[in-house]
Every structure is written in C-alpha cells, then in structure tokens.
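Here's a solo chain for you in structure tokens, the form predicted on its own.
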C-alpha cells in the first residue's frame, strides 16, 4: 500500500511572511520548478496584500496538485521574526483531506522547532513508510485516506438543492466533456462546490478535469486550455467576460447557469434530459439517501445510457457510431443529438 500511495507526493515547500510584511519562498524539498513556484506564490494568501486569510486551499497546475496550509504564528515560538507561514505540498493525486492532515502536523513541527529539518524528516518518513508519528504533534497514516473518500467528500445533495432541475445542464456538460467555469468571490465556496461536480460522471472517476482555483494569468489559462473538458473555478468576476474559456458558466452566488452560444446545439435538451433531471432531483431530495447513494443512483442511470450507446456501436462497422446509423433508429432529435455528442466524448464515433 504505502509504496504506491507515497509515490504520489512530489515536494514540500515553505513560504514565510516576516515582521516587515515581506513574503518569501524560503525552502523546499526536494525541488519545485520556477513556473510552478510562481503559481504557488500567487495562490498563497500571504502574497495577496493582507486581504483574506485562507487556512487551506488546493488546486491543480500542469498536472500537479498543490495543497497550501497557512497559519498565523502566535507568540512565543522559535519563529520570532515570522508572523505567518504556509506549508505547500505538491502531489500527483487529488486528496485534500489527506494533505491537509499531513500539513497540520508539519505546521506544528515548524512552530515548535523553528527549522525545516524536522519537517523534512517527517516528510521523508511518510514518503518511505506511509506514516508519521509524534506524541505532541499527532500521527498521520496514509492508509486512512482512501481516494474514494476524497471523491465522495463533497455534497452532491447541496448542489442539487441549489440548482434543482438545472443540475441536468451540469450533468450533460460533464458527460459531453464540455468546459465548465464556476465563479464565486469566496475561494472556500468555490473549492467546496467544484470538487463535487466530477462525481456526477462517476463511471469515469476522473478528478483530473478539476481546476478549482484558477487566476486569469497567461500561464494558468494556457495550462487550462490544454484540457479538452474541465471544471474550473475563478474568484475573479472578470471571467464572466471570457466566453473563450467556457461552454457552461456557473454564477454561484446568484445560482445562475448559462450555456454559451457555441455550446447550445450540443447541449440541446429533450425528454431524455428531463427524465434524468427528475431522477437526480428526486434522489437528492430523499432525506433517507446519503450523498454516495445519490451518486450511485445517477451512476446506474449513466451506465444504462452508456450500455445503450455501446449496443448501438456494436451494430455499426468497426463498432463506431455514425450519424447516419443513429438516424435509422428515429430517436427524438434532442436524444439523437445527445447520443451523437456522447459517442464523440466516449470515443465511440467514427471520424
């Protein structure tokens, strides 16, 4: 277990803010490239002119996940010239709870010893043994943090209670691998909402599409545009004017979902969508059902659609669907349109 899971960790770094108000990247192990380092500094709340203080944020850049934990230094400690610091962990896997727990232990070690050496030792122990134990700082076991727990940590029921039948727009966009942009001025709300969305297409279990904390910088947008479909979160309201970045735009504070002009044809809704929408809403509104049961119910429906699609593909030459082949079945126009675009997303379409 530990051998494979610990190999997900890539680095640990330290950013400090001193009594003069200067914020610097002071240490990392083993190393962090300069492009990623610039992004990490921009995500750290200590570099953002004393605006909001965020104890924990996470995101993805160039296929590397980052987790940033920030603490205020309370007197007296070994850190006499430091007012705040951030521990930055980078990894290959999506697991916010795991890296938040590890970072909390590293933070306590740094406050106590005032030197990164103890943090590095703890990091290496986790890397080699999958465990980090110390009496006063708490213990950490990698095996306590199963990836499925991370995938199910958000609340799909909360998403449905906010958007009701319009959740079907999000479901359809995810199924068709479209580009979803979500805006909220509060990063915590953004992280909580965006991390749930990939669970609507549970059959893929693909959280690499999630970019929950993006700034409108050239480097980050260039990285985002390499992904064919994504869920991207922005705190900057200016993103609403960047129609080149999205097929579906979610204004989270106002609970408004907008489909861009260019995506309207692929996202056209019909009876099939209405039926799926009703199923999602009914399932989510059932107080007896847990979030994971709701996700399972949606997944069962998704698998049924995909099985039908695979059966249609099997009828065709080299098991690839064509528009002509679909037309022979006389589906309602919106269903035919959805199945055609879904076949493209699932690589079942003859090009």
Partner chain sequence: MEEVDNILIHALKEVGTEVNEDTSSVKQFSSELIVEAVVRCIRVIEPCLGSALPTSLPPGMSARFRVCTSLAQACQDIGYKGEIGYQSFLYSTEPEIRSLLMFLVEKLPRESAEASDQPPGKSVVLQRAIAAAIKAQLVVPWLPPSCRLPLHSETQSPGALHRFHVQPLSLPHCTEEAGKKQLKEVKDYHRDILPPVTAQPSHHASLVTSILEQHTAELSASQEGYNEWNSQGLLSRLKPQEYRSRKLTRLRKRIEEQMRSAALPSLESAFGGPRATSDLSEVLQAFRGSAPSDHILTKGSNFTHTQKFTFTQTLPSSSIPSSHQSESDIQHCQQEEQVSLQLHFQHLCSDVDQLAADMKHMTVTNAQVLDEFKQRELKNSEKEDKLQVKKKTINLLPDSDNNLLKLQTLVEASAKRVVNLASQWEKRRTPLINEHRRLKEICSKQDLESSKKLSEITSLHDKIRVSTEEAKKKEEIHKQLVTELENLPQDVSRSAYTQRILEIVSNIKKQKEEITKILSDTKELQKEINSLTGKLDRTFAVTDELVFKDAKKDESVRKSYKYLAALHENCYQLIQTIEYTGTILREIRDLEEQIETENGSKTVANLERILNDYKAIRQENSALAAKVREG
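Residue numbers count along the first chain shown, from 1. The structure displayed is predicted, hence computed values, not measured ones.
The form predicted in complex with its partner chain is left out here; the points below concern that form.
- A single residue from the set 268, 124, 100, 165 has any heavy atom within 4.5 angstroms of its partner chain in the model of the complex; that residue is 124.
- Interface residue among 195, 177, 273, 184, judged by heavy atoms within 4.5 Å of its partner chain in the model of the complex: 177.
- Residues placing heavy atoms within 4.5 Å of its partner chain in the model of the complex fall in a single listed stretch, namely 112-120, out of 112-120, 67-75, 148-156, 275-283.
- In the model of the complex, its partner chain stays beyond 4.5 Å of every heavy atom belonging to residue 205.
- None of the heavy atoms of residue 56 is located within 4.5 Å of its partner chain in the model of the complex.
- The shortest heavy atom separation between residue 264 and its partner chain in the model of the complex exceeds 4.5 Å.
- Contact check for residue 104: no non-hydrogen atom falls within 4.5 Å of its partner chain in the model of the complex.
- Although its partner chain is not shown here, in the model of the complex the stretch 60-81 places heavy atoms of 63, 80, 81 within 4.5 Å of it, in sequence order.
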